[in-house]
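Starting off, we have a lone chain in the form predicted alone, written out as structure tokens.
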Amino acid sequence: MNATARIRQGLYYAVLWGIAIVFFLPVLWVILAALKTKKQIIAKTPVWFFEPTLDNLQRVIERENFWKYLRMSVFLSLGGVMIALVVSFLAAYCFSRYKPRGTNFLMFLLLSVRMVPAAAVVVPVYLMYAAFGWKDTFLGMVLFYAMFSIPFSLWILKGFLDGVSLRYDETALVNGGSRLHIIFRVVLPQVKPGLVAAFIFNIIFVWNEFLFNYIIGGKSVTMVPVQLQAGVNSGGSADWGYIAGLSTIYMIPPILAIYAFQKYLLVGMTFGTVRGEV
């Protein structure tokens, strides 16, 4: 590699690191604020060198109902996304293999659900849930998050399934395999990266969702983002130490999940098209 190529490569990585640092700065501020005292957080001049304290994190853990809200976040996120993955995989197999008339339009129609701002549909969703008696119920919130996770999961998984050759299906059929055997024992292992990518993308959405949980979840089905909003309005002023501590703890699970499965995310963002036919 000549000198020009090395300089170009160095500039390329410097720009990438610069962009990454800029996007990471708000996260760094939250983490540092969680380890500061109240005076250090609201100081006019930013305090970069300080003795860390765990008081904010301890206050969060000892807060009433914190563990209840955290468990609710885990159960709602996992429950909604897992249901969505099962439904999306079966629907994606149908669209990919049988290609019903109007497939492209149906795919666009399904994805358009995610294009609508949440605030625009919160009133009709509230009225529907109130009419069906689903408001303030765990099952109602799980079904809601599954409904909102299905369109994006379907798009990702259809891209992966389109990259899996029909020869797998034909070979299994010739050898006496049933359709269920083909779907779950032959095709499913080929699209595991797509399932993981869809899981990560949707779990982040559900994990951080606030509006619908606040409106139709109610006190009995409350997740941590709603508790975070309560901390903002605590005592008539924002309790920044509590907010930073709660945010730091709440960021840990998705960060670990993204780090563990990061190799699948790039493939997922390209909807499986980088794989080609296998």
Partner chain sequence: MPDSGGAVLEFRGIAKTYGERPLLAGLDLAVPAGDFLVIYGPPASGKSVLLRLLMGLETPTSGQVWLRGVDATPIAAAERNIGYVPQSFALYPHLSVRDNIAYPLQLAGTPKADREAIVRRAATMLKIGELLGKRPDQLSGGQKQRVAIARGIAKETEIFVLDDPLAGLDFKLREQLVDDLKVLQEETRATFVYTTSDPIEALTLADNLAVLVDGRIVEAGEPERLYRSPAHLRTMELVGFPRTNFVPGTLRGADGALRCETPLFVAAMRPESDARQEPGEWSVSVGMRPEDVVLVEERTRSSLAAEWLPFSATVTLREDLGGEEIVYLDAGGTPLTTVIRHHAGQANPDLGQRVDLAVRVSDLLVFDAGSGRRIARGIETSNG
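Worth saying up front: this structure is predicted, and the values here are computed from it rather than measured. Positions refer to the first chain, counted from 1.
The same protein has a further form, the form predicted together with the partner chain, not shown here; the description that follows concerns it.
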{"item": "Contact label in the predicted bound form: P189 to the partner chain, heavy atom within 4.5 Å", "value": "yes"}
{"item": "Heavy atom of L173 within 4.5 Å of the partner chain in the predicted bound form", "value": "yes"}
{"item": "The partner chain contact at F75 in the predicted bound form, heavy atom, 4.5 Å", "value": "no"}
{"item": "The partner chain contact in the predicted bound form: H181, any heavy atom under 4.5 Å", "value": "yes"}
{"item": "Residues within stretch 131 to 168 having a non-hydrogen atom within 4.5 Å of the partner chain in the predicted bound form", "value": "S165, R167, Y168"}
